[in-house]
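In structure tokens, one chain follows: the form predicted alone.
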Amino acid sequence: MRELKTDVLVVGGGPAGLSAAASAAGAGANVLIVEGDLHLGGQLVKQSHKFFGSKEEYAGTRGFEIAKILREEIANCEDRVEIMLNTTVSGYYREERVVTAMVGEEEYLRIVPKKIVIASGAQERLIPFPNNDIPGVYGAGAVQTLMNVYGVVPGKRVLMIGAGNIGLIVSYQLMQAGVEVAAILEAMPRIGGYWVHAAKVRRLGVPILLRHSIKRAIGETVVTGAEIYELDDKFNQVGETEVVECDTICLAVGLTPTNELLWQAGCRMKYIPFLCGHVPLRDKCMRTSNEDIWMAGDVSGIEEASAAMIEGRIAGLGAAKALGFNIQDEMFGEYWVRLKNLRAGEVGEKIRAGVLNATVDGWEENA
């Protein structure tokens, strides 16, 4: 078994992980990035839409271009950054402060870091309905991967389940690729995504059916259609079901933090619905209750990639400061101002409430 040692181990090479690695390496720390995929960038490499926000958060830049910018920043610190792709972290052992990982299916690694930033992202939620296991039923992330990474369309006519940002954006991307979107279903009485995304698909004639859900997928060996129905304010069925002809059903019903490592590490966790699941308590430096572990991105609560990148910057600086590198406290304040601006307004109200509920003033007072 090979053993690796590093100042900072970053688990995850998405927007949060790359930002954390850049900050820590920029401060002088040696960094090891471990990423289970075959490329760096995480979800950014699938995102062809332009980002909102400010100049600092790459407003007006497409997601895959932001991934390239972050990779170039990492390349500028190549003497202090090691990257391991196709490598999956399998466990954290608190007593030894050791992380184990698999390179592909061939090599078992033992990693001994001084500090760890966990930026493991999120996983897609699914909903149960009859026939949801036949070919033609996809998660929205899988559809984005097929189209934007491999250039393959999933089908000819898609029924989208979920009108959050992901459902709306992927619907638009499907239409850009020449795929017909039969309808977008949303169980809630209003869309969950930005109006600008909804306006794009509505202008192209796609109906967004609020208070609607899927009853079952139709088809023996592949999807040939779907039964849908209307909901009342208690989410009970109203009236008869309706059949929608489609060859693909795409589920965009939310994400949940990929938090297994944080549980293994004994981090204090709390279920916060506004952050979409169990998340670690954190201080203003994104440090968890484990003195060796910081976290950033969707693992800390489901949010936009812009916020994940800022949290990554904070976490990387926090880990570097704990190692004794010269980090000014004012830098953390600047990043929190940027986060506050991102989370402003009605759209960020639930995120603000969730983060407030998950943040502690200091670990000495909360031991």
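Quick caveat, the model's predicted, so the values are computed rather than measured. Start at 1 with the first residue shown and count on from there.
A second form of this protein, the form predicted in complex with a small molecule, is not displayed here; the remarks below concern that form.
Checklist entry - Of these, 83, 147, 89, 214, which has a heavy atom no more than 4.5 Å from the small molecule in the predicted bound form? => result It is 89 that has a heavy atom within 4.5 Å of the partner.
Item to check | One residue of 121, 219, 154, 139 in contact with the small molecule, assessed in the predicted bound form (non-hydrogen atom, 4.5 angstroms) | outcome: The residue in contact is 121.
Checklist entry - Among 23-31, 332-340, 50-58, 317-325, which stretch sits within 4.5 Å of the small molecule in the predicted bound form, heavy atoms only? => result Contact-bearing stretch, as computed: 50-58.
Next on the checklist: Counting heavy atoms only and using a 4.5 Å cut-off, do 276, 355 and 359 all touch the small molecule in the predicted bound form?
Outcome noted: Contact check failed for every one of 276, 355 and 359.
Item to check | Contact label in the predicted bound form: residue 65 to the small molecule, heavy atom within 4.5 Å | outcome: The answer is no: residue 65 has no heavy atom within 4.5 Å of the small molecule.
Next on the checklist: Would you classify residue 296 as touching the small molecule in the predicted bound form, given a 4.5 Å non-hydrogen atom cut-off?
Outcome noted: The answer is yes: residue 296 has a heavy atom within 4.5 Å of the small molecule.
Next on the checklist: Would you classify residue 261 as touching the small molecule in the predicted bound form, given a 4.5 Å non-hydrogen atom cut-off?
Outcome noted: Taking the distances in the predicted bound form, the answer for residue 261 is yes, it comes within 4.5 Å of the small molecule.
Checklist entry - Might residue 231 be said to contact the small molecule in the predicted bound form, defining contact as any heavy atom within 4.5 Å? => result Answer no; every heavy atom of residue 231 is more than 4.5 Å from the small molecule in the predicted bound form.
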